[in-house]
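Just the one chain here, laid out as structure tokens, in the form predicted alone.
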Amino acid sequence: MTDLILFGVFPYIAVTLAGFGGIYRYASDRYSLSSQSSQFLESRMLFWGTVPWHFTIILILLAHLLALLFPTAWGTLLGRPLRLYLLEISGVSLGLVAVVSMLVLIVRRAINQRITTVTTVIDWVLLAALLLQVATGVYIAVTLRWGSLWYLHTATPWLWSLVKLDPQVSYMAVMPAVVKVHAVNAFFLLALLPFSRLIHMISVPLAYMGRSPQVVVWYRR
């Protein structure tokens, strides 16, 4: 029953919250669709946290997405041991960088009183969930080797069964606890999307491409 709730019901709840919550937030307060940068309060640690975080997490998510959308091609890519080794090493390296950069961002908010003042409970929840996600991902990559390969035969068919509205929870029910936490936490992050700074992921400032150039006048001696 627990597996059915976690892997057959909760994903749909998360997607529903993300979809309708995101639409409501855009309709009611579209100008809040940003990460609400605190760079003017502190920038050095922000740079060393956000820059590596965004580069690594984009590559990690891209690898997950490609394996999901093109499982046959992904399996062919990993058909040679050398390519499999290189991908596994790259994944662990990117994951470690993501963990460190997320720790930098958490420490930054914890030690800087001005930033802590403007940090909400949902911010801490989001940071904790993001850290849990990348930390469990690294743990899985190190302890349950060849995850990029067995992902094709477990998570991919489970996710596609959700898309087909026929959830096959048996794929995830037999997985180790850390894999289950990683999967459930991914949908938890999706559910947080409309209620947190994570909403800036869907904000694409296309209007800026057609606006007139901004004139900046510097006043210097």
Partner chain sequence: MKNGWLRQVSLLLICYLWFCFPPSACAADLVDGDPQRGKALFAGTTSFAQGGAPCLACHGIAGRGMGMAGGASFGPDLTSIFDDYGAEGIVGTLDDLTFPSMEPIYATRPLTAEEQADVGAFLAKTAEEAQLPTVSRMTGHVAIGLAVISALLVVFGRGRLQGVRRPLVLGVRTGKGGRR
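Just so it is clear, the structure is predicted and the values come from calculations on it, not from any experiment. Residue numbers count along the first chain shown, from 1.
What comes next is about the form predicted together with its partner chain, which is not displayed.
Colleague: Judged by heavy atoms and a 4.5 Å cut-off, are A14, F20 and P167 together in contact with its partner chain in the model of the complex?
Modeller: Result no, not one residue of the spot touches its partner chain.
Colleague: May I ask you to choose, among L132, I106, L96, V125, the residue with a heavy atom within 4.5 Å of its partner chain in the model of the complex?
Modeller: Flagged contact: L96.
Colleague: Given that its partner chain is left out here, which of V174, V163, L69, L61 has a heavy atom within 4.5 Å of it in the model of the complex?
Modeller: None of the other options qualify; the answer is V174.
Colleague: Does at least one non-hydrogen atom of T154 fall within 4.5 angstroms of its partner chain in the model of the complex?
Modeller: T154: contacts its partner chain in the model of the complex.
Colleague: Is L78 part of the interface with its partner chain in the model of the complex - any heavy atom within 4.5 Å?
Modeller: Contact with its partner chain, yes.
Colleague: Quick one: is L87 in contact with its partner chain in the model of the complex, heavy atoms, 4.5 Å cut-off?
Modeller: L87: no, not in contact with its partner chain in the model of the complex.
Colleague: Is there a heavy atom of F188 no more than 4.5 Å from a heavy atom of its partner chain in the model of the complex?
Modeller: Answer no; every heavy atom of F188 is more than 4.5 Å from its partner chain in the model of the complex.
Colleague: Within 138-153, which residues come within 4.5 Å of its partner chain in the model of the complex, counting heavy atoms only?
Modeller: V142, T143, L144, R145, W146, L149, W150, H153, in sequence order.
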